[in-house]
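Shown next as structure tokens: one chain only, the form predicted on its own.
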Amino acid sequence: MEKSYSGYLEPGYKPRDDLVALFYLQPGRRVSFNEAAQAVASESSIGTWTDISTLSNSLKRKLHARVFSLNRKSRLIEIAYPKELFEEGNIPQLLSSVAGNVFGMKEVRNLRLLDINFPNSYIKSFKGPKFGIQGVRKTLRVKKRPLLGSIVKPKLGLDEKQHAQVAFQAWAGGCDIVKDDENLSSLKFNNFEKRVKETLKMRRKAEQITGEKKAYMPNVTAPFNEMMRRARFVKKAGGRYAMADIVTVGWSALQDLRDADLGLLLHAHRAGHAAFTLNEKHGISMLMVAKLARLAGLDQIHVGAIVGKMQGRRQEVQAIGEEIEHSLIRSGKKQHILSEKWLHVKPMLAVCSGGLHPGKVPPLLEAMGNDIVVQMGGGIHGHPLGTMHGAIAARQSVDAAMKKIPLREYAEQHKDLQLALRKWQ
């Protein structure tokens, strides 16, 4: 073991104004757990693979990361990083440091960044969400119940008017929100500007018929300048929301989208996250992605569905949107991860999506609470009577859950819900 990877272990250290990262660690071949932990701390702060004359002892003492907690049984380590190592308001630099070269080191077999606890001195450099949970609720005039959303399906193939008509049926049936899917941008058969105009026209019609506020989330994902142009177009056209694929767009683009302060609610789609979040032993957790999205200033984010089709362990999904015992909060108190107090940073709304249908609403709300968007694609459009009836059934399932009436009992007087339960349960 190189000497440069020693001196980073300080079990008695008490973090104060540090960034504290929690890692799962499996050492590489013929490397001890202590050695691997110190290698991670070194490489992610000021060290390198060999001794260097330019790193003085005084500089190392001041700026080196400290492994202050190790648990060989659980393979968890906690590393404290001096705040001076990080540029304020710069998520790319944060990830290049804490989640950069460390994943490819020979000293580690597997390494997973589970979480980071940010000190207030770092959090204050970010704007955070402009609207957050209460801002979304105020915009849509929904005070207590979960919001109901849908995705236009099929995700690709419809022209602009067909797309808008599907959105209208979902809104008319009871959805609050309808959005594009992750891979719909501006295509030959569905132009972005035409789609936005047509769909917003149908949104206004749905509002007149239902007396409810509705929202459309067009996907503005594109190279940065085009993304910003599209977002401004949405605002000018009377839109209230914009959606971006946060992994593929990148953190710097997201921060600039928020900093533009366009007055749009910002929805974070997590397409591509499983490439690095799925492996429970290696990569970066979805919890970490969600917390960074909150810092960047997105108002809501996909977190999985627990009871749906997409991968996502129950504990991790709940960790993003519900109360858990959070190992990085030294008080030991339970915290709401996307609502824990972060100075001026507003709480973020969790969006549950992926394989949901009306029959899954009660267990979802039991696990996640009411401050969520229940988002159904196939679970609405796959209804035997079509999209509008699927949306009616979905809204009925939310109403039943809010009234604490069993779905089967509620369905006796609500035909659309009854048909949905027959198909999917």
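All of these numbers come straight from a predicted model, not from anything done at the bench. When you see a residue number, it is the position in the sequence shown, counting from 1.
Only in words, not in the display: the form predicted together with another copy of the chain, which the text now covers.
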**Message:** Give me the residue from A231, A222, L292, L114 that has a heavy atom within 4.5 Å of another copy of the chain in the predicted complex.
**Reply:** A222
**Asked** Of Q134, T210, N71, S252, which one comes within 4.5 Å of another copy of the chain in the predicted complex, counting heavy atoms only?
**Response** S252
**Asked** For the chain shown here without its partner, which stretch in 343-351, 196-204, 137-145, 180-188 has non-hydrogen atoms within 4.5 angstroms of another copy of the chain in the predicted complex?
**Response** 180-188
**Asked** Counting only non-hydrogen atoms and a 4.5 angstroms cut-off, does K153 reach another copy of the chain in the predicted complex?
**Response** yes
**Request:** Could you confirm whether Q396 comes within 4.5 Å of another copy of the chain in the predicted complex, counting heavy atoms only?
**Result:** no
**Item:** Contact test in the predicted complex: G386 vs another copy of the chain, heavy atoms, 4.5 Å
**Value:** yes
**Asked** Taking heavy atoms only, is F86 within 4.5 angstroms of another copy of the chain in the predicted complex?
**Response** yes
**Those residues of 50-88 which, in the predicted complex, come within 4.5 Å of another copy of the chain by heavy atom** = T50, D51, I52, S53, T54, L55, L59, L63, E84, L85, F86, E87, E88
